[in-house]
Each structure stands twice: as C-alpha cells, then as structure tokens.
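The structure tokens that follow cover one protein chain in two forms, given apart as structure 1 and structure 2.
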Structure 1
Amino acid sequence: MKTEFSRFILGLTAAFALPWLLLIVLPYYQLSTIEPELYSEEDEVDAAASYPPAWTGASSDGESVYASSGCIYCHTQMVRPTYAGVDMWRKGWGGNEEDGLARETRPQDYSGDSYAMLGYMRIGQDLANVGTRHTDRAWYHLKLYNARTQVVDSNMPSYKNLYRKRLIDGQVSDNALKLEGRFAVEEGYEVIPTEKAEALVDYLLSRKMDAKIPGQGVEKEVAAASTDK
C-alpha cells in the first residue's frame, strides 16, 4: 500500500515532468539564447546589419498600451507558412512583396518584444507587417479613433479614450485628426492623440517582420506568387 502510493505519485510526476522538461524548459533556454546572425556578401544587405535587426522606434510603452487595450484578442501577429494557411498570399501580410521579402514569421522576428503578441483570434487583419503596409501616422490615428472613418462597416472598437478633444487655441494643431462627416467634432474643437496613442502607433509602425534571413537569399517563388495577383 505504501509503495503503491509512492508509485502513484511517481507516475503523476513523471507524466507531467517529461513534457515540461522537453517542451518547455529546454526549448525556452534554447530559443532565449539564439545569437544574432551576420549577413554575408551574397545577401546583398548593408554589411553592418545583422539578423534579427536591431529594433528602432519600438517602445515598450506601446506594447503595454497594445496589451491593456486588448488588441491581441482580434489581431494576430503571426504569418503562417503556406502548408498551414494562405497568409502569405494576402497582400502585404508577409511583408514587402515588391522587394521579394515576404515570408512567414520566425522566432527571431519578435526579439525586440517582451512578449510576442501572436494572437488569440483573427477578427481583424494580421499585424505582423502592418508597419510595412502603412507608414502614415495619421492613418493609424484615424483607425484607432474610429475605424468607421476608413471602412464603413468595420467592427473594430473605437479607442476614443486614447484621444483628447480640446478647444482650438489659435491655430489647429499639426497632429489634430482630420475628422469629416459624422465623425467631425463641434466648431472650434479639435481631437489630438495622447501620449498613449503615439506610443501605440510607434509600436505598430515597428511591426516589420520581413527582414532578410542570412544565407537564404530572397524566396523568389513566394514573392512571385504574391505579386502575380
């Protein structure tokens, strides 16, 4: 009876510990210690660059606004290879197709984040490469303020709390949102982004996961497939 009890505990522990060690602990250590790779001449990339690229402009503030607003529930940041979905064939999802850079996402692409926002559902667009698709800050601000300003039947929630309505003081501010039609505010008022909104847009602009992979050249076929359409 005594040995049976200890065998039972041993069984439970072993059943759990094996995948825990092999699927979580070891791969976590392995993936956390990937060294950046240097490009060779064949890659035709600026010699000083390395993969994954050093992150610029991305701020952890932006990531925390992304997190607390719950963007992750409707937006993925993960481009699947063709065997698992046609993500890469959607225009712009895999990155810059014109330069033949479109590809699926890899572990190193998230090295600048503290948590990879891979996603839960994909009700809205994938955002892995939204920074290459849209470079205009005003576009992001309008989208966040009210997505219906751009797409009439979008079901994206409005994040008006990231914006401030205020009396125009003299001239209209440079960063005021250009709101028209039913979205326009009263005469004499303007809507401007808060710091949080700016941080979030910085984060979104940093979503460019199409850096060239050292030694792999450009994936011509994929590039051809996505530009053909």
Structure 2
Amino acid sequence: MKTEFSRFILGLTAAFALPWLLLIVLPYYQLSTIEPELYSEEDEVDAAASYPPAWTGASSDGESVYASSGCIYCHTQMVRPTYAGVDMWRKGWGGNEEDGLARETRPQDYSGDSYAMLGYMRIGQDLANVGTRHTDRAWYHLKLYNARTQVVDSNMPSYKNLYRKRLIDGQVSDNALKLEGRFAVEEGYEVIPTEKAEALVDYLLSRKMDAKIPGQGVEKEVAAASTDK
C-alpha cells in the first residue's frame, strides 16, 4: 500500500514538475542568457544599435497600470506567424510597413519587459505595434477616457478613474482632453490625465516590436543573387 502511494506521489510530482521545468524554467534561462546582437553594415542600421533594442519612454509604472486595468484580458501583444493567422496582412499590426520593418513577433522582443503581456483574446486589437500605428498622446487619452468618443459602438470599457475633472484655473491646461458633444464637461471645468494615465500612455507608445532583425540585409542580398542566377 505504501509503495503504491509513493508511486502516486512521484507520478503527481512529475506531472507538475516536468511541464514547469520545460515550459517555464528552461525558456526563462535560455532567454535570460541571450546577448544583444549587433547589426552589420548590410543591415543599414545605426552602428551603435543592437537587437533586441531597449524600450524607450516606457516605465514600470505604465506596465503596472496596464496589468491592473485588465487590458490583457481583451488585447494581445503578439504578431502571430503567418501559418497561425493573418496578422501580417492587417495594416500596422506587423509593425512599420513604410520602413520595411513589418514582421512577426520574436521571443527577444519581450526582453525589456518585466512580464510578457501576451494575452489570449482579441476582443480588441493587438497592441504589439500600437505605438507605430498611433503616435498622438491625445488619441490614447480620449480612447482610455471613453472609447466611444472615437468609435460610436465601441465595447471598450471607460477608464475615467485614470482622469480627474477639475475647475479651470485661469486658462485651460495644455494636457486637458478635448471632449466634445455629449462627452463635454460642464462649462468652467476640464478633464486632465492623472500620473497613472500618463504612465499608461507612455507604455502603449513604447509598444513597437518592429526592430530590424540582424542579418536580414545579408539574407536579402543572398536571395537577390540566387534569383539573378
């Protein structure tokens, strides 16, 4: 009886331990030891640059606000491989097409994040490259305050808790939201972003997983040469 119970415990332990080791510990170790790759002359990128690039403008505060606001429940941050979906054919989803940087997401793209906010549902658009698609801070603030200011039938929840309505002191603040129509506030008042709202917008603006992959310039030259032959 004791032998059977011991086997049961060992089997149960193995059932949980092996997936944990193979799916969490091993990938974490592999990615944490990856060194930044330098670009070659053929890549036509600034010599001081490297891949993966460091996030710019983002903050841990913005990442925390993103997580606590539940954005991950409706948005992903992953451009899927072409065999798994049609992400690359959606304008801006794969990155910056105009500069030839549109591509699928790679594991190294998350190296600057404390947590990879992959998400698993797309009730809203993918945000892996939202910082490329939209560069205006005012656009983000209106979207967060009430998405229906931009899309009449949007089902995105309002995050008014990240904003503050106050009396106008002299002149309207530079960062006051431009609310019109049924969204306008009473005369003499204005709506301004809180620090959390600004941090969240910084985080969203930093979502640009479109950095050029080292060696792509060489690969294109080789492909072109083989085509000529």
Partner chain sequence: MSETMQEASVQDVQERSVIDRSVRYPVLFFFTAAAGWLFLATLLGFASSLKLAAPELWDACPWLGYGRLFPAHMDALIYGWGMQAGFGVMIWLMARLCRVEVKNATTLIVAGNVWNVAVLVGVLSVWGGYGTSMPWIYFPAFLWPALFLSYSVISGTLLMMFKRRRGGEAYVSQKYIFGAALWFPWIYATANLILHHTGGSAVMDAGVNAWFMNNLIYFWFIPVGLSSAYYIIPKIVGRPIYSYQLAQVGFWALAVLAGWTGFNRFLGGPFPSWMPAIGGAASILILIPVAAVAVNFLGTMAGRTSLMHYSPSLRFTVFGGIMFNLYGVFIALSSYFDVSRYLQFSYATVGFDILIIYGFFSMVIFGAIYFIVPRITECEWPSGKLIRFHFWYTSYGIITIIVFMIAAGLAQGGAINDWSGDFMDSVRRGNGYVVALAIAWALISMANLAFYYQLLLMFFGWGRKTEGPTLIHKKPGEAMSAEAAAGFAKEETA
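Think of the rigid core as the biggest set of C-alphas that the two forms share within 1.5 Å after superposition. Quick caveat: nothing in here was measured; it's all calculated off a predicted structure. Counting starts at 1 with the first residue of structure 1 and goes up one by one along its sequence.
Between structures 1 and 2, only structure 1 derives from the form predicted together with its partner chain. Core superposition places the Cα of Ala17 4.4 Å apart between the two structures.
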